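Next up, structure tokens for two forms of one chain, structure 1 and then structure 2.
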Structure 1
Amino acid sequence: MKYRYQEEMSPPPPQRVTDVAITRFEHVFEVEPGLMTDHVTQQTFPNWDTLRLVRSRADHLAWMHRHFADKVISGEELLHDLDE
């Protein structure tokens, strides 16, 4: 097994999904990085770490729910509360 630094640190070219979203990996959507640079310093990390984070997201959310949530509120419910 070889680790190719340049290959791992260079994400695939972005494909625009909407005016504010891009995708570089299948089923992985990102906010257009250019829109975020004023407020959030963008970090560079390896492609494998991006995919690892995406794959472990469900486990992380389940852990957060077990430890911190009394109930799960849908996005639709949140939007309804904002409209009131």
Structure 2
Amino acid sequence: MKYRYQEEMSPPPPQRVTDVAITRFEHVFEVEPGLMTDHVTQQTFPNWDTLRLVRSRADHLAWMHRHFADKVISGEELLHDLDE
């Protein structure tokens, strides 16, 4: 796959979630950029790196679950049992 600079450095347009958060990728939340101008400024990431960070975090969370138990029970499934 070819790396296309312009494509990778242009994130999808932001969707406002609340007055302090936006989202550009599904399930990836960012602080509203206007609140990161005085003391902490946002860094520019290629899209693939943003998604890599999110995947790494998901890997970390899965590893932490495995660390404490062999499997995780679904609460949604148990609620479904209660409704039956």
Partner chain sequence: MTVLLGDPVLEELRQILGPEHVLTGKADRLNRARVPAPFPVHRWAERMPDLVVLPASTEEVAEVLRLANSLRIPVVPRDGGTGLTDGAVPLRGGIVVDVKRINQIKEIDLDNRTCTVGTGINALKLNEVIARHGLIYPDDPASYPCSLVGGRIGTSGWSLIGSRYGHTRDLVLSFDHVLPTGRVIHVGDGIGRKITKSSSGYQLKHLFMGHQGTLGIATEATLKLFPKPEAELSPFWAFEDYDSAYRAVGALARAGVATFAGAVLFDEWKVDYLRRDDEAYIPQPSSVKALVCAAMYGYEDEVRAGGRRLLRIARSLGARYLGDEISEGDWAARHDRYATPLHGRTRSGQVVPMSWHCEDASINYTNLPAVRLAWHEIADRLRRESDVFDDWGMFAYTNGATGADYLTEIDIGIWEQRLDDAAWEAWVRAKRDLAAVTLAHGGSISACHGSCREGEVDLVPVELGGGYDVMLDIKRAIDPNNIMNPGKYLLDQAYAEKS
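Quick caveat: nothing in here was measured; it's all calculated off a predicted structure. By convention here, residues take numbers in order along the sequence of structure 1, the first being 1. Rigid core here is just the name for the largest C-alpha set that superposes within 1.5 Å across the two forms.
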Two forms of the same chain here; which is the form predicted on its own?
1
Is_shifted residue 49 between structure 1 and structure 2 (CA, 2 Å cut-off, rigid core)
no
Core-aligned C-alpha movement of residue 77 between structure 1 and structure 2, 2 Å or more
yes
Is the shift of residue 59 between structure 1 and structure 2 large enough to count as movement, that is, does its C-alpha move by 2 Å or more after the core is superposed?
yes
I need the CA movement of residue 68 between structure 1 and structure 2 once the rigid core is aligned, reported in Å.
16.1
